[in-house]
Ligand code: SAJ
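Just one chain follows, in the form predicted on its own, and it is written as C-alpha cells.
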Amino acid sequence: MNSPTPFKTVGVIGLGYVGWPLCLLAAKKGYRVEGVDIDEQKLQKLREEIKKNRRIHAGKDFARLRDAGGVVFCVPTPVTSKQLPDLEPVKAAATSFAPFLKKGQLVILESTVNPGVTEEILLPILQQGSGLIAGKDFFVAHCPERINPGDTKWNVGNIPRVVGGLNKLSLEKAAAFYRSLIGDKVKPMKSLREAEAVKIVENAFRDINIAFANELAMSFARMGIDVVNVIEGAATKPFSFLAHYPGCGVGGHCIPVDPYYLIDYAKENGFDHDFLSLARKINRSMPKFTVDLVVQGLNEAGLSTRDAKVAVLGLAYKAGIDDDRESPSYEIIKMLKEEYAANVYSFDPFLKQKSIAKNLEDAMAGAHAVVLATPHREFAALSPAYCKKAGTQVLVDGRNFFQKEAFEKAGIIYKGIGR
C-alpha cells in the first residue's frame, strides 16, 4: 500500500457502479474487502467475479462488517419525482449497519449528499443504533464519489479525491485510507460540509454550462447559426473558455440530480438558487425541444406524427454504457407516444432488454423519422444511403453526431440541436 492505514479490512455498503470498483481497487491494494448489498440480483451478477478474487467477500448480511476497520457507504442518493433529495437509501443502510458498528471503526460516506447530511442524518442514526459517540468511539468522514462510467482514461484508481472529517483524527484516518489507494491525489477539506459541497458544485457547474449551450442552441436555431461551429470556434481561445455542447437532454446519476440537493438545502437555509433552478429548467426542456424538431421535420416532409413510425436510437444517458438513469430518451418516447400518437420503436445495443425493436434494422425499417438520442459508436453506420434505403425522411440528431451536409445532400431532412 502507498500509505499505511490502521486497518486491513474494508467494508463497502452498496456494490453498484461506485461501490464495486472501490472493492476491486481496495483488493488490488492489499485490503481484505467485505461487501454488502441488499439486492440479490446484483450479488448474483457479481458472484463469478467475487469467486475470482480471494480478497473480496460479499453478501446481504451487515454483520460481516463488524470486523472491518473502515466501512464505506456507496448507496445511491436519487431525487424524488418532485425533485427533492431522497435520502432513504442512506438512512436504511445506516440503520442496518449501526448495530454492528464497533469502537475504533472509520465510517466514510461516499454517496452524493447535500451539505449537512453526514452530521445531521447519518451520525444520529449510527450513534442511536450503536450506543457509541462519533468522534470519540468511532470516526466519520465524507469523500464524495468521483467516477465517470465508460471513461477509459479516468477511473476510481487515478481520479483525485477530496476528504472531510468530523474531527482531526477522522480526517487523518480517512485521508490515509484514500492515499493508500491513489497516492497523494487526496485533498483534505476543512469540514464535512465543505467536502459534501464539492461534489454538488462540480455537477452544478456542468449543468449550468450545458444549459448555456442548450439555450444558445435554441436561440441560434432561429438565426441560421450552427451552434457547434460557434462553440468550436470559441474553444480555440486557450484560456477562460471551457467547451460544453448542447443535446436532447441531460441524463445520468449526477448532473440532473445533484443541483437539486443544493437548491433544496439552500432553501431550507433561507436562500433561493435562481441560477441553478433556471439551468435545471432549461435542461429539462430539451426533450420537448427535440420532439418539436421531429414534428417540424415530419411536417416539412408532408407527414403527420399520428401513426408515423419514429425510431429512437439510444436509451442510455451517454455513449458506450448500459446506464439509463434519468435518460432523456424516455421523456422523448413518452411525448411522442402520448402527445403525438407516434408509433415509436426504440433500440439500444447496450439495453436490448429494454428496447422495443429487436435490433437496429428492426428499428429503422420503414421509420419515417429517426431520433439519435445516444451517440453510441454502433450508430455510426447510419449513413445517408442506409437511411434512404430504410425509408427515413427525417433525421433528428439529438447529439449532433452526424454530418449535417451529407444527409441534406441525400435529400433527408436533418434537424440538429442548434444546427
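Computed from a predicted model, the values in this text were never measured in an experiment. When you see a residue number, it is the position in the sequence shown, counting from 1.
Below: the form predicted together with this ligand, not depicted.
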Only one of Ala266, Ile147, Leu169, Ala92 comes within 4.5 Å of this ligand in the model of the complex by heavy atoms, so just point that one out.
-> Ile147
Which one of Val117, Ile210, Val162, Val291 is close to this ligand in the model of the complex, taking close to mean a heavy atom within 4.5 Å?
-> Ile210
Cys254: touches this ligand in the model of the complex, heavy atom cutoff 4.5 angstroms | yes
Distance check, Ser130 to this ligand in the model of the complex, heavy atom within 4.5 Å = no
4.5 angstroms heavy atom contact with this ligand in the model of the complex for Val250 = yes
So in the model of the complex, does any heavy atom of Tyr317 sit within 4.5 Å of this ligand?
-> yes
Within 4.5 Å of this ligand in the model of the complex, all of Lys199, Arg206 and His244 (non-hydrogen atom) = yes
Quick one: which of 78-86, 139-147, 303-311, 180-188 gets within 4.5 Å of this ligand in the model of the complex, going by heavy atoms?
-> 139-147
